[in-house]
Structure formats: C-alpha cells, structure tokens
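Presented as structure tokens, the chain that follows is alone, the form predicted on its own.
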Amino acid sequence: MKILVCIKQVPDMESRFKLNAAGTWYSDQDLAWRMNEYDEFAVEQAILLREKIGDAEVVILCVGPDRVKETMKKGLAMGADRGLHIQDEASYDKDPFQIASAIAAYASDQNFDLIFTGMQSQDRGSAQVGLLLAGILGIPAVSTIVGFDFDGKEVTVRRELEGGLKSVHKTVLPALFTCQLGLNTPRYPTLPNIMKAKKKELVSIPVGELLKVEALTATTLTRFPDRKGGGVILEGEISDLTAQLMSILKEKTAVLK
C-alpha cells in the first residue's frame, strides 16, 4: 500500500505578524515556523495505518520554499518513509486550485492507495486543497474525519458535522481523507527517529515542472481586523450597576430601541 500525506508549513500562531510589501499576505520575515496542526493528525493516521497493516510506504509531500524541508523532517521523524518537496518560493501567492493541481500532477502516476491531508491550514483556512485534489484525481473524498478504520478491503470513517453530530461513511480505495482535530494523538519524534530522518530521502521538484494551470482566484488585499475598544468594568451596588447597564444599553446599542 502507498500512502501520501500532504502537509503545510505555517507560522506559529503566537508570532508577531506583519503584512508584506504588496499588502496581499503576511511577511515571512521574523516568524517561527511549524507543521500545520491539522496535518499532524494526518501524518499520525498514516503511521498508525502502516503499523497496523505492515506492508505500506508513507510519503510526505509539502509545497513551499526551501525552508519547508525542516518541517518535512518532522514528518519523517514521526515515521514517514520519504519526502517529496514541491519547491515554490511563491506558494503563498497560489490559489487552492493551483496547489491541488501541482500535487495532482505528481500523484497522478504514483498509484497512491490513500491520501491524507489536514482539514484546513491554520493560515489561509480555505479547506479546499484536499477536496480539489481528490476531484482532479477522480477519487472519493471524505472530509473532517474524526475516526478511521481499515479492514483490508474498505475504509470506515466517522466525520464531524455541525452541532456536534457525527456521521459514518464507508468507501473503497483509492480515496482521500481530510483530518480533523481529535482523530488521534500525534506522537512526538524521538531522538533516534530524528537522527534517522536526516538519512531519509527528501527530493525536491520545481513547481514549474508540475503546475500547468492558471489561478482561479487571487488575493488582492489582506488587512488586520479593526481594533476594538476595551471593555467597561462596572463597580458599585447592584441597584447602581443595573442603572448604569441600562443607560449604556440605551446610549450605545440598539438592544433597547
């Protein structure tokens, strides 16, 4: 069995963000980088499946500049067998369709039985790349899975719905699954596995060799949310607080109008 796991390198969400010169995305300067949190669950599920069935190869794939190789090494240290880096210094400027198309161009002749991706990325949050990839490859896809089981013939998954509901789906392979938080508990790479990861194959392919489509959408402007004023703390007796609150609601909101 061949398993592909698509991951993305994203900034640590505690970083101090600045806009780039064009004002279309965040600047990549002075940021700490990590694996997208949802993708960690995808990597872990691939490794768990390989441990269960034994005969399987897990390939990590990431699109981005050369710095993403450091994040890919974490996937290799978690247990993936080899890595495929689609080298693209301007990946931030690609829309989800272009990213999915580049990945599909590589995967189309690799005969992957299973593809795992994160549900969405923590920076762009489009939740589109995985499903677009499945559509381009012409294989079934199930999104936001929180449970996974493979019996040797078909896959049974639980997926998260709105309102806390869950549904159960069955599908044959090949198929793609996007992974939600809570699917499993991602492992921490051990020191021996970190050392082994340095010797594993990690091949880079220029994005120009794979990407043959134009963007369908473009980001024209990115901005920070407007700053909101601080909260008001009311102090005093209950009767006074009630009067103050009613006054604020009448003057500054439409609640009592």
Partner chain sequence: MKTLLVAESRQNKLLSGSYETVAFARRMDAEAVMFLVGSESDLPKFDGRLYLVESSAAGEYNPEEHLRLLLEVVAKESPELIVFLHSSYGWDLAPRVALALQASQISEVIDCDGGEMVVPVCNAKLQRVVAARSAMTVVTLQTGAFSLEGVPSGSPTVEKLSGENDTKIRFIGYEEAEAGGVDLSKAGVIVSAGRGIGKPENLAMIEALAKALGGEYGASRPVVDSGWAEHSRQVGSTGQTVAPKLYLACGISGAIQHLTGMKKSEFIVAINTDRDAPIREVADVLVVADLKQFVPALTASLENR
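Just so we're on the same page, rigid core means the largest C-alpha set that superposes within 1.5 Å between forms. Computed from a predicted model, the values in this text were never measured in an experiment. Numbering follows the first chain given and starts at 1.
Just so it is clear, the following notes concern the form predicted in complex with its partner chain, a form of the same protein that is not shown.
| task | Find out whether any non-hydrogen atom of Ala90 is located within 4.5 angstroms of its partner chain in the model of the complex, and reply yes or no. | result | It does not: once its partner chain is placed as it appears in the model of the complex, Ala90 has no heavy atom within 4.5 Å of it.
| said: I'd like to know if Leu131 sits close to its partner chain in the model of the complex, meaning any non-hydrogen atom pair within 4.5 angstroms. | reply: Yes.
| request: Spell out, yes or no, whether the shortest heavy atom distance between Pro225 and its partner chain in the model of the complex is within 4.5 Å. | output: Within the cut-off, so yes.
| request: Indicate whether Gly152 is a 4.5 Å heavy atom neighbour of its partner chain in the model of the complex. | output: No, Gly152 is distant from the partner.
| field | Segment assignment from 81-89, 167-175, 68-76, 108-116: heavy atom within 4.5 Å of its partner chain in the model of the complex | value | Checking each option against the 4.5 Å cut-off leaves 167-175.
| said: At 4.5 Å by heavy atoms, is each residue in Ile99, Leu191 and Leu210 next to its partner chain in the model of the complex? | reply: Looking in the model of the complex, the three residues Ile99, Leu191 and Leu210 all stay beyond 4.5 Å of its partner chain (heavy atoms).
| query | Which pick from Met195, Ile53, Leu221, Val203 sits with a heavy atom within 4.5 Å of its partner chain in the model of the complex? | reply | It is Leu221 that has a heavy atom within 4.5 Å of the partner.
| query | Is any part of 11-39 within 4.5 angstroms of its partner chain in the model of the complex by a non-hydrogen atom, and which residues would that be? | reply | Counting only heavy atoms within 4.5 Å of its partner chain in the model of the complex, the contacting residues of 11-39 are Met13, Glu14, Ser15, Arg16, Phe17, Leu19, Trp25, Tyr26, Glu37.
| field | Yes/no, Asp12 Cα shift of 2 Å or more between this form and the one not shown with rigid core fixed | value | False for Asp12: its C-alpha shift is below 2 Å.
| request: Look at Gln244 and decide if its Cα position differs by 2 Å or more between this form and the one not shown after superposing on the rigid core. | output: Passes the 2 Å threshold, so yes.
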